[in-house]
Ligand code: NAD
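In the block that follows, a single chain appears as structure tokens, in the form predicted alone.
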């Protein structure tokens, strides 16, 4: 197999990337600044991938002004025409899917199929947006007044700010950007500092497509640290909406800043996702669903399965079979065939893995398998870990971005739901059962309190057609499919009087002599 450097060199050449790249784009690329740059190393083995320069406050402001100017023309372009532009972008990304997927794998450590899946998700969202261009609907209501028409319409907001996380360095941006652009907004993107290179690669591909297809410069990229560029975005009244993916702590801070200026937010914050496995579950389906949810992306998904609650009658059997799966799951270079678990993103992530396990044991948990750091110098690898837990352990109520799974035992559905819902987060959930009554209980008001609820499938791996987001500390708001497009627009109720008098609502009389 080729070395990481050889793969990097080949991929860079085909994408037109260099070892030193500007991370600032708004119709043009700003000059690379060696004094203000992020060094990118692969978590696979520490190989140096390059540097990406970050935006200055002045460059940030220039990008916002550019997006404001583009918005004027773009918002007046018919929506079906806008959606065809997004389709052209999706088609162009499709041609570069393999290369862009490689960059994702190199920079954040996703296994090959997940890196490719990340880019496929962008393509899928683009095609979803293509259809959306002809489905931006508003309601018509019956007016109580004669010769009046009452209806609502949706109008684009303006410049949308998107702050994305490292674990999905490109697709989550597209959830927001492609939908927002289709409804008439322009988009300013600040990616995670841990995924700067992926953002540059994506934007370079999109730039080429926009030039080729004569698409206005509706997307801008401003790499930078959260405490710098992120703060500017939070305080900027020119951004009526900011979509943020990240930690609960940072999300709360940003939400307060944006709310103080009466701006809007879409927040996708912490996830402490749980799967319930009934005694009536299909064991094979349940094992695969739980294992994928817990192991995919090395447990670094916001939808990763972090807790599993198993019925007491099958608990021991399920535990041993899951343990066997864990011990056979291959951990290593994500670009190699057969690897299930790739690296953690950095050394801090490894430390958090160690701390969480230590806390779990101290609080009464028992390690079933795992609890070992495999490598932290040439890459960041840990052993996927299963811990038997008891209800009330504080660590099980916290989100740790690592392949750690806490196991609980239950006897009744009421007990299972109590354990399931007794965490601050509310993103994704799952139940494995073949019993219709249990399904309906799980999906009722007494059941899952999460934004995503799954039956006989994993907590991870949401489709783009459904609205994505959660409740409680997960933040609220929805991205991607269904009617999430409405969040990127303002609703306007329109009343038209086509009569020769002005009858007032509720029969109010107002006479003028």
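Residue numbers count along the first chain shown, from 1. What you see is a predicted model, and the numbers here were worked out from it, not measured in a lab.
Only in words, not in the display: the form predicted in complex with ligand NAD, which the text now covers.
- Thinking of ligand NAD in the predicted bound form, which stretch from 328 to 336, 167 to 175, 278 to 286, 376 to 384 has heavy atoms inside 4.5 Å of it? The contacting stretch is 167 to 175.
- Looking at ligand NAD in the predicted bound form, do all three of 83, 131 and 185 come within 4.5 Å of it through at least one heavy atom? No, because 83, 131 and 185 lack any heavy atom that approaches ligand NAD to within 4.5 Å in the predicted bound form.
- in the predicted bound form, the one of 26, 468, 60, 485 near ligand NAD [non-hydrogen atom within 4.5 angstroms]: Checking each option against ligand NAD in the predicted bound form, the one that comes within 4.5 Å is 468.
- Item | Single option in 226, 117, 92, 217 placed near ligand NAD in the predicted bound form, where near means a heavy atom within 4.5 Å | Of the candidates 226, 117, 92, 217, 226 is the one lying within 4.5 Å of ligand NAD in the predicted bound form.
- Message: Test of understanding: in the predicted bound form, would residue 401 fall inside 4.5 Å of ligand NAD by heavy atoms?
- Response: Yes, contact at 4.5 Å.
- Report whether the minimum heavy atom distance between residue 101 and ligand NAD in the predicted bound form is within 4.5 Å. It does not: once ligand NAD is placed as it appears in the predicted bound form, residue 101 has no heavy atom within 4.5 Å of it.
- Item | Exercise: residue 352 in contact with ligand NAD in the predicted bound form, heavy atom 4.5 Å | The answer is no: residue 352 has no heavy atom within 4.5 Å of ligand NAD.
- Message: With the partner left out here, check for me: in the predicted bound form, does some heavy atom of residue 271 sit within 4.5 Å of ligand NAD?
- Response: Result yes; residue 271 sits at the interface with ligand NAD in the predicted bound form.
- Query: Judged by heavy atom distances of 4.5 Å or less, which residues of 170 to 195 approach ligand NAD in the predicted bound form?
  - Reply: Heavy-atom contacts to ligand NAD in the predicted bound form: 190, 191, 192, 193, 194.
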